[in-house]
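Quick setup: one chain, the form predicted alone, written in C-alpha cells, and binding and motion questions come after.
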C-alpha cells in the first residue's frame, strides 16, 4: 500500500506516482477519505498526475484529526514538501476546500491552480450537530444534507454506512474546524486561476456560497453541476470530471 511517513506517522495516498506531469492533489472533506475522489483519480488524462490522500486520523492515515483549518493547512504544507510536489493544482471539497483556500493564501508560490468543490468562504455548522458529536454520537441526519434528492439509494446507503463507521471525534474535530472558518474578507487575495464547482441541489454549501466565491476570487470560473448535491464528485462524476478537464485545458495549460 502507498504510504508516506510524515513526522513519525503514516499518511495513506492513492493515485499516479509518476514524476512526469502536473500534480493534481485532491483533499477530501469532513469525515471523508481519498476514496471520495476515486472517479477523478481514474479519469484525469495526461499531462495531469492525480493524487489523493487521507488527512491525519482519517481513513488509513495515522495520527489524530485536527480541529483547525490552519493546522490542516500547515500539515498539508509538510505533506506536499515531503512528497516533493511543486507547481501543483490543489483541489478541495467542503472542509478540503477551506484547507485549499487557506493554503492558496499562505503558499501561492506552490500552486499552479485551485479547484474548489462544494465549499464556501464561511462554513458554519448546525449547533445541534456539534452538540450531538460532543455527546459521542454521530448525527445520522447529516446524511440528508449530503446528497441530492435524486441520488441513487445505493450511493446514499454507502454514505450512511461510512458515516456510522467513522468515529464521532473525527467529525467533531472536522466540523469544529469548519465552524470556526471564515475568510470572506480575504478572498480577493487569492491570485490563482480557480475553478469553483457546486451541485445545483447542494443544501449544505448551497450555490449562493459558490457564487460568493466567484464574485470575490479574481481569476475564477463557476461550474454548477445540475442535479448534484454536496457530494457532486460522487453523484455526477462525469460532469465534474469534464469541468475539471476543461478548466485545466483552457486556464492552466
Ligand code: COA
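A quick note: this is a predicted structure, and the numbers were derived from the prediction, not measured. Numbering follows the first chain given and starts at 1.
From this point on, the text means the form predicted together with the ligand, which you will not see here.
(request) State the residue from 76, 133, 123, 102 whose non-hydrogen atoms include one within 4.5 Å of the ligand in the predicted complex. (result) Of the candidates 76, 133, 123, 102, 123 is the one lying within 4.5 Å of the ligand in the predicted complex.
(message) Please pick out the stretch from 63 to 71, 206 to 214, 220 to 228, 38 to 46 that is in contact with the ligand in the predicted complex, where contact means heavy atoms within 4.5 Å.
(response) Heavy atoms within 4.5 Å of the ligand in the predicted complex occur in 206 to 214.
(request) Indicate whether residue 91 is a 4.5 Å heavy atom neighbour of the ligand in the predicted complex. (result) Contact with the ligand, no.
(message) With a cut-off of 4.5 Å between heavy atoms, is residue 178 one of the residues that contacts the ligand in the predicted complex?
(response) Heavy-atom contact with the ligand at 4.5 Å: present for residue 178.
(request) Answer yes if any heavy atom of residue 149 is within 4.5 Å of a heavy atom of the ligand in the predicted complex; otherwise answer no. (result) Output for residue 149 is no: heavy atoms all beyond 4.5 Å of the ligand.
(message) Test of understanding: in the predicted complex, would residue 127 fall inside 4.5 Å of the ligand by heavy atoms?
(response) Residue-level check for residue 127: yes, a contact with the ligand.
(message) Where, within 184 to 202, is there a heavy atom within 4.5 Å of the ligand in the predicted complex? Residue list please.
(response) Counting only heavy atoms within 4.5 Å of the ligand in the predicted complex, the single contacting residue of 184 to 202 is 184.
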